[in-house]
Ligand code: MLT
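Consider the single chain below, provided in structure tokens and representing the form predicted on its own.
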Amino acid sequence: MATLNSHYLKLKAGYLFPEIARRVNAYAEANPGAPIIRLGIGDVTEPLPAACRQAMIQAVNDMGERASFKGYGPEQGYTWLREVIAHQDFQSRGCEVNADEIFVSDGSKCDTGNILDIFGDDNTIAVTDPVYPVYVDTNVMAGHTGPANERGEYEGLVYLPITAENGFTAELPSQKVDLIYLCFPNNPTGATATREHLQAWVDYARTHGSVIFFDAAYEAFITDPSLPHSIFEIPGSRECAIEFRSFSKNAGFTGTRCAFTVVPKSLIAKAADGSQVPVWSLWNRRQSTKFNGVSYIIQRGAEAVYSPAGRAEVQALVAFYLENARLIREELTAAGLAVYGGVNAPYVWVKTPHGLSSWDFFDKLLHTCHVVGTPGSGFGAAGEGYFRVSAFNSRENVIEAMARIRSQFSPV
């Protein structure tokens, strides 16, 4: 009989978001008339920018003519897209990032998991707590951890608590770690990192020969000019960091799938024999072998994000969701809840009231307000007692959801 990858059996019973869907579906079936508003999973609701749609339509037409038809494209992405990304996202901000260091993909979620293919099994891995579950689960799947304890913490991972006391920005590890996951603006807490904070991490990584996996999927929501959008704005980062970005949340590509990863050619890691190997060459080899590239049609749509019309439309989308976040933050504060994030990020992190657990608060909101959020405990042990509310929804739904919650929780 064929055998399984036993590491999958160490995973907790259900990934966070399917478990949310299971509970919501069960409640909806039992209460078919309940007007449920979903502010849980961070999926966008507003239409794709017109500039992107028009570019995709033109690309479809290109596929209908022999002269402009495209078959297999480069696994790393078309040069014209990589060049505009390098110029507008990085070089315009003073970052030394070249087009051939950018790898276009179908999602930063995929890339943050797939990057483990090229790193060894003997690395010490640090994650923040709470954390985006994909970082942890993909390491479990790859066999980099032992079993989970009763708190859901996996043996072999170094957990870095992010709390209200440290501003939801993790302190440097007291021990040496090899791989470090950082996400700013942070999912789930909505916290941001200053240049000084990121410089400390870069200095740590360079001192210890560590690699930072920097998830910048929400950088477009940064409006404070003092905050960095990229790890590559920090001196020394080209020697110790990989950055993941996405078109999902800024341009609404959750259903069309396009993202990219930046791997500097100056990033070096150690082989088992002690030799030093450029990480870029291994990631390039991995992508060439296991990935066939993002479709021409979608890449043309992503290219349009950088056109004058596309930039204006994307900025309007980001502003729309940030206004939702402001409303959520202010309304929940007025309801007497302790609220964090939601300023330079699309997520609001809420302290559950009256000592309720994260899942108890989830059930209470679902049953009394018909509003869905995300239990903080699903992001890690330190997320217990917190709750994530997403700004990705229509304005009408956000206003209605906040009115329902205020009716239940406003102080008397």
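Heads up: residue numbers just count along the shown sequence, starting at 1. Predicted, not measured: the structure shown is a model, and the values here were computed from it.
Keep in mind that the form predicted in complex with this ligand is not shown, yet the notes after this line are about it.
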property: Listed residue that, although this ligand is not shown, lies within 4.5 Å of it in the model of the complex (heavy atoms), from 245, 144, 300, 249; result: 249
property: In the model of the complex, the residue from 213, 218, 260, 168 that sits within 4.5 Å of this ligand by heavy atoms; result: 218
property: Stretch in contact, per heavy atom within 4.5 angstroms of this ligand in the model of the complex, of 38-46, 364-372, 63-71, 24-32; result: 38-46
property: Non-hydrogen atom contact residue 132 with this ligand in the model of the complex at 4.5 angstroms; result: yes
property: Contact test in the model of the complex: residue 192 vs this ligand, heavy atoms, 4.5 Å; result: no
property: This ligand contact in the model of the complex: residue 109, any heavy atom under 4.5 Å; result: yes
property: Exercise: residue 386 in contact with this ligand in the model of the complex, heavy atom 4.5 Å; result: no
property: Residues of stretch 180-212 in contact with this ligand in the model of the complex (4.5 Å, non-hydrogen atom); result: 187
